[in-house]
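Taking the form predicted on its own, here's one chain by itself in structure tokens.
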Amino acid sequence: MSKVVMLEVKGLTTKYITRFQEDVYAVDHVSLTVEEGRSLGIAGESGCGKSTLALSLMGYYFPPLHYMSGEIIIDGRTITEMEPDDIRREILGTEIAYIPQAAMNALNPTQKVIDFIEDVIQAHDPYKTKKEIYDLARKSFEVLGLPADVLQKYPVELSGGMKQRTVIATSVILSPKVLIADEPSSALDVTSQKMVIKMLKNLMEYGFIKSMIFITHELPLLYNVTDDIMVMYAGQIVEKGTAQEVVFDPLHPYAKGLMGSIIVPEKGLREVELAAIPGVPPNLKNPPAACRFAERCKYVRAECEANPVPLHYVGGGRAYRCILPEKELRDIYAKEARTREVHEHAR
């Protein structure tokens, strides 16, 4: 039986316009699909376009961010054809919800949590009574492992981890089809991170959401949270596949370098020597017309800097953006692995 597609994005391009009227193409022809019951992880270093993509997927643009082209379809509705007020009223919170970076600061310090939730719900359903809202919030919080007395507290009375979980619970109070979580575990201690991750996993299990996009710069974290992973670099997708494929068998040199530069506790990867990716990403005010990773890639060829590089699909949903054939890349990586083994044995 075919899966229901919750979110489909076709060739989405968005840009920032600076105060000097310069165009910064932070999301460049991005396409993706998220099916019901599945979660997609988006990884990449700071400045690659992850958070801009998250904002763009909401279909609600504020300067300096501007929509350029492409389609965003949520549960069959093309929101890029809708008016901003209709998106705010009919889509945001009910069809798609967003947990921003530093979400713990999203709560109003002058309001109790329940008052904040009332504002959120009544913006979509002004006829809901205070009792109905309280009963809904209490039930939702208890199912997600949050004590009901949190509803009567001010944000200052909550710990950082509790505030983060409160914002997450509030974001899904209207059962959106798609939840976008932008670095939801950053700035938290390890214990709080674990609780937040467990809570996000429970959201689909308990039916609060139907699908999720989880954004982070940590590929290994995505392996434990998401079903599929998409790696971004300089505003473009450079690799996508299942979490197992991208973490343990990356094809694109950038994805390979990203994995090699992270301390990974997973068995089979923790013994691998760390490696840094040289250089810096290109300036997106004037990105390269060809491969955007060419200046930092140790496998670069002359043709890499000559023409744009499309995504190459190699079976299923697996794809990577590189001119080198899959077999050649695998042979290169295998040779490097053998060389490392020889050096480690010589020590």
Partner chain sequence: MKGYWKYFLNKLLWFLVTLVCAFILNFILPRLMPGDPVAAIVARLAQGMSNATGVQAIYQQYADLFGTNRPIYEQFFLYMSNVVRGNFGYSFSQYPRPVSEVLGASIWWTIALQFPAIIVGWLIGNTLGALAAYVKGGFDKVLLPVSIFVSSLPPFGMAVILMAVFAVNLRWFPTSGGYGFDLLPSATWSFVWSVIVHYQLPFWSIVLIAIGGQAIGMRSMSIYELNADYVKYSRFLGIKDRKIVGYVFRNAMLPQITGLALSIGTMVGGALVAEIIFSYPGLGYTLLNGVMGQDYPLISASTLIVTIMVLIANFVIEILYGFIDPRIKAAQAD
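Note that the structure is predicted; figures quoted are calculated from it, not measured. Numbering follows the first chain given and starts at 1.
Unshown form predicted in complex with its partner chain; subsequent notes refer to it.
Find the only residue in 257, 161, 93, 220 having a heavy atom within 4.5 Å of its partner chain in the predicted bound form.
Partner contact (heavy atom, 4.5 Å) among the options: 93.
Its partner chain isn't shown here, but in the predicted bound form which of 135, 189, 157, 86 has a heavy atom within 4.5 Å of it?
Filtering the options by heavy-atom distance leaves 157.
Within 4.5 Å, heavy atoms only: does residue 207 come near its partner chain in the predicted bound form?
Flag for residue 207 set to no.
Check residue 150 for me: does it contact its partner chain in the predicted bound form (non-hydrogen atoms, 4.5 angstroms)?
Taking the distances in the predicted bound form, the answer for residue 150 is no, it never comes within 4.5 Å of its partner chain.
Interface membership of residue 110, its partner chain in the predicted bound form, 4.5 Å heavy atom rule
Result yes; residue 110 sits at the interface with its partner chain in the predicted bound form.
Even though its partner chain is not shown here, does residue 175 get within 4.5 Å of it in the predicted bound form, heavy atoms only?
Taking the distances in the predicted bound form, the answer for residue 175 is no, it never comes within 4.5 Å of its partner chain.
Taking the partner as it appears in the predicted bound form, which of 121-129, 199-207, 247-255, 231-239 has residues with heavy atoms within 4.5 Å of its partner chain?
Within 4.5 Å of the partner lies stretch 121-129.
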